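Below you will find one chain, with nothing else, as structure tokens; this is the form predicted alone, and questions on how it binds or moves follow later.
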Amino acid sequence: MIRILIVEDEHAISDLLRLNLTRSGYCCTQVFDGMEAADLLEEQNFDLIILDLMLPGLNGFELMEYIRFLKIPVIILTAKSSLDDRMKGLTSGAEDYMIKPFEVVELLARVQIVLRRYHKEKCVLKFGDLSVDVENQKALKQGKEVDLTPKEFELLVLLMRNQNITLFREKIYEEIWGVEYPAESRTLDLHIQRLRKKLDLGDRLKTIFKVGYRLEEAS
């Protein structure tokens, strides 16, 4: 399982990150102090670090001087928005730089991109009794393979990577079909209907009226 270290001193933001990353299938560890993060990195291995800059103990820039020799990819997530700070963050070795406030769905997308760049992308996705092997293009329900078209499979992977997050129609269409969403098209709706039927998703694959779709855990 992909292991992510969250270094963020604001507990509410750290918990929000942990909740959404855990729902997307990542194993998360939280620390709230730069020195605590440095100590933990001496003891454990991680695949990715999400790092705030304004930290007690050691600040994020000081911690980057230590992390860069470990060759662990870093996404900086901070309220420091000046060009100088962004340049300093990226030249210090960070793979990406995001400014607060942020959209969770964008953060998850950037996490996927960085992990893919480092060939650490999560290959097996889980949702209830569904299991998706991304590398081998297989979808299993209760251990039995389900026959999906290539676009149905891509759509399922996108939904499973963003569990419990509402995806806008426009974003889904651009991600899967690579073109701007045509307002009158029923293509996306039909693919959603087929996924519901083939995978018996029912209300777990929710339609958000006039907005988009969300793959949601049963309450």
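Note that residue numbering follows the sequence shown and begins at 1. Since we're looking at a predicted model, the values are computed, not measured.
Although it is not shown, the form predicted together with the DNA is what the next lines describe.
For Q137, no non-hydrogen atom is located within 4.5 Å of the DNA in the predicted complex, even though that partner is not displayed. Heavy atoms of L19 never reach within 4.5 Å of the DNA in the predicted complex, leaving it off the interface.
Contact check for R194: a heavy atom falls within 4.5 Å of the DNA in the predicted complex. The DNA is not drawn, but in the predicted complex it has no heavy atom within 4.5 Å of C27. Of the candidates D39, E174, E65, D189, D189 is the one whose heavy atoms come within 4.5 Å of the DNA in the predicted complex; the others do not. With the DNA omitted here, the record of contacts in the predicted complex names 145 to 153 of 70 to 78, 145 to 153, 107 to 115, 124 to 132, defined by a heavy atom within 4.5 Å.
In the predicted complex, the residues of 194 to 214 lying within 4.5 Å of the DNA by at least one heavy atom are, in order, R194, R196, K197, T207, I208, F209, K210, V211, Y213.
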